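First comes one chain, alone, set out as structure tokens in the form predicted alone.
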């Protein structure tokens, strides 16, 4: 093989001026440059059509379709309902019970004659009523220990119990406002009539005023229960095994296919809607039934 001769190195120069010839793109090595040029010169409608069809082409190449996603959901439905959504309902029931009892006491403290008690209860109500629920959940998670020792016995505090406490705090504050508003809505003539009959303030409150407030408090109480139930998926951020957490685990077991997102999260949406919508309709009916007729 003859050795190649380079001008200026092992061969005399033909000119004393440096010449840089234009660089020509040619050959299969530079095919991507032609693709870039074609994209730059293509009409926008072609590019929009290509971007719209790209996900469909990717799904077709993957061999896993939406139908497969719904078939996977069908296999996991019993597990998601019995181990997941029912746990959401259980958390909401416990949180609502604790929040209602604490909110009733806090609301009555807001109408107390003791100025210090009234001011402290107002502050607690406004604090938890205007705090983000997720922030309260994280504070409870980090503030509460994982276990407590009582007389040498270690009692664990699971994450779901912390979630119940965290969700009951804003419910307590809002129930407190409901109680305060319901008591103040009773005409002052009721208090004056009870006082003329020698009723004490406690007797007037428990025997005359609060029985009238129950019907007024039921609709907003039910409304807050529906809101609480829809907020229970926040517990998944604390590692609680509710429906959203179990849905993620089920999708991981199915190799995290993108087609699983719509069936699994859509199923969770249907469950919450089927549970909360009747409560909302019943709340509207009770509001119309117990509304004050002027």
Partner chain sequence: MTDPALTDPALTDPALTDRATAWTPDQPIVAIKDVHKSFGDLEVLKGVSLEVRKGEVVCIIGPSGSGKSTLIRCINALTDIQGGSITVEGQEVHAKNLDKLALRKKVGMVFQQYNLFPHKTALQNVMMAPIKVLKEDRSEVEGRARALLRKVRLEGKEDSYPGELSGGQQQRVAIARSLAMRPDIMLFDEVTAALDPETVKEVLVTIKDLAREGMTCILVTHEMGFAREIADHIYFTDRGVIVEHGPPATFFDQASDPRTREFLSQIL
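The shown structure was predicted, so the numbers you read here are calculated from the model rather than taken from an experiment. Residue numbers count along the first chain shown, from 1.
Quick note: we don't show the form predicted in complex with the partner chain, though the next part is all about it.
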query: Stretch from 144 to 152, 194 to 202, 123 to 131, 92 to 100 whose residues place a heavy atom within 4.5 Å of the partner chain in the predicted bound form; finding: 194 to 202
query: In the predicted bound form, the one of 139, 111, 208, 161 near the partner chain [non-hydrogen atom within 4.5 angstroms]; finding: 208
query: Close approach of residue 116 to the partner chain in the predicted bound form, 4.5 Å, heavy atom; finding: no
query: Heavy atom of residue 189 within 4.5 Å of the partner chain in the predicted bound form; finding: yes
query: Contact flag, residue 184 vs the partner chain in the predicted bound form, heavy atom cut 4.5 Å; finding: no
